[in-house]
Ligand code: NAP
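For reference, the chain that follows is the form predicted alone, supplied as structure tokens.
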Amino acid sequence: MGLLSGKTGAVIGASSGIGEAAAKLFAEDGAKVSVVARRTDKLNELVKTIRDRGGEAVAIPADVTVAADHARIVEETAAAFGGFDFAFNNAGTIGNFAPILEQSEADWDHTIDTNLKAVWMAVQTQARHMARNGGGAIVNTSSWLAVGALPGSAVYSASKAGMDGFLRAAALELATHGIRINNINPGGIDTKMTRDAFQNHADVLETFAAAHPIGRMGTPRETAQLAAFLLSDRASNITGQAMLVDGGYAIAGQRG
């Protein structure tokens, strides 16, 4: 029996990176999953991979910045599998990772709408369904940059710090409905988003990876394992927590 055996839910932002790894892992762990993103071709490839491995999945193309799409995600998942027990809200953008003096109002709006407002819309919609149907569990992908910073991260850091602040109030409110909600806060994870943030400079990425106490960046699957645990019944006493999965990177101190 896998961690998520018998559970049904959605992985939002599933077309690459952590979301793709999570969808595969959740299916391996026994969940029935809808995979959600804008890129239909990537979703169809992912569904085929999951089904070829004996799992159950459906693709739901959607845009997380559109409120109506969140209701459709929940409805289509429940219709496909007979329930909606969990959600992994992983969609996000790095935005314009540039100095404040080089950013525009449009840069702010795009990052905040995608990383923060979209999570608020998702959680609200998911929790309404769960509250009517006996509860559930939600995990959102935040970032170590919610508590840290890099040059160029101002708007991104603000969006993720806002997500962690939202989490705590949401956990208090949703607990009365049998719903747990937590954030995972990845450090350096070897994904396209991370490489894009450093403009794909190999020497800079190598230095960044070496700065992690474990000596490397994490993998998408390692990150997905924490999400799977928090969504499972084994985490039944955990809610309102923003958990770093960063190889020790956010620990303050001098590094050579």
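The shown structure was predicted, so the numbers you read here are calculated from the model rather than taken from an experiment. Don't overthink the numbering: it's just position in the shown sequence, from 1.
This next part talks about the form predicted together with the ligand, which is not shown.
Visitor: Pick from 186-194, 50-58, 227-235, 25-33: which stretch has non-hydrogen atoms within 4.5 Å of the ligand in the predicted bound form?
Guide: Of the options, only 186-194 has residues within 4.5 Å of the partner.
Visitor: If the cut-off is 4.5 angstroms on heavy atoms, which of these, R216, R221, H201, R38, is the one near the ligand in the predicted bound form?
Guide: It is R38 that has a heavy atom within 4.5 Å of the partner.
Visitor: Any of the heavy atoms of Q103 lying within 4.5 Å of the ligand in the predicted bound form?
Guide: Heavy-atom contact with the ligand at 4.5 Å: absent for Q103.
Visitor: Using a 4.5 Å heavy atom cut-off, state whether G136 contacts the ligand in the predicted bound form.
Guide: Outside the cut-off, so no.
Visitor: Do A91 and the ligand come within 4.5 Å of each other in the predicted bound form, heavy atoms counted?
Guide: Flag for A91 set to yes.
Visitor: Is T114 close enough to touch the ligand in the predicted bound form, meaning at least one heavy atom pair within 4.5 Å?
Guide: T114: contacts the ligand in the predicted bound form.
Visitor: Heavy atom within 4.5 Å of the ligand in the predicted bound form: which residues of 60-91 qualify?
Guide: Result: A62, D63, V64, T65, N90, A91.
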